[in-house]
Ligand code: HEC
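One chain comes next, on its own, written out as structure tokens in the form predicted alone.
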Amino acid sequence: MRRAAKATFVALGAAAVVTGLVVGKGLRHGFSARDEPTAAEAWVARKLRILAIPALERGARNPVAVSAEVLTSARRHFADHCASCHANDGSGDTAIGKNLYPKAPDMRTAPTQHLSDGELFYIIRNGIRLSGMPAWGDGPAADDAESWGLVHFLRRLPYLSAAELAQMKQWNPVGRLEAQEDERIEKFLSGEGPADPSPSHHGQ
């Protein structure tokens, strides 16, 4: 108990120092989400994130047995709900993910993969303050199984096959303009649309 209190005190003290440095730098150069967090900021953020997760939650074991069905469902959910920030492969290489502060992490790498199942579940359900990661824990308790399924999928990220990624692309949300363009192309190919399936540029 004393050790945990000491670790908390050290992390909070470091956070105060880093906050002072960040504010000082910001006053001189401005604050921009385009910047990369400093190594000190990243270290403090990781420590505070761990401290913010109750010990009981950190040690929780995944109660959902992994199966092809669970992974397929989680893969589909991730493609539809998470990939806009995290990318289908978990790299974070998307327009949104790269422009967040801090940027969406590459979840295939150690900082994410070394988290316990309980930590991953807690982050999915409760989000991370002062970041772009929202909480997804407002649903019924039955949604816990879906979140635990996502934990299994996150473990799978470093090993996704080309076929799995291609399938996920079909499940990604489609914007209104993209949907309209797809509809024009489909009508053109079926002989119902104009010769040029691209959007009209009359009057320009």
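When you see a residue number, it is the position in the sequence shown, counting from 1. If you're wondering where the values come from, they're calculated on a predicted model, not measured in any experiment.
In what follows, reference is made to the form predicted together with this ligand, a form of this protein that is not presented.
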* Asked: Mind checking whether each of Arg75, Ala95 and Val174 has a heavy atom within 4.5 Å of this ligand in the predicted bound form?
  -> no
* Asked: Is Gly118 close enough to this ligand in the predicted bound form to count, meaning some heavy atom within 4.5 Å?
  -> no
* Asked: Are any of the heavy atoms in Leu71 no more than 4.5 Å from a heavy atom of this ligand in the predicted bound form?
  -> no
* To do: Mark Arg49 yes when one of its heavy atoms lies within 4.5 Å of a heavy atom of this ligand in the predicted bound form, and no otherwise.
  => yes
* Report whether the minimum heavy atom distance between Ser131 and this ligand in the predicted bound form is within 4.5 Å. => yes
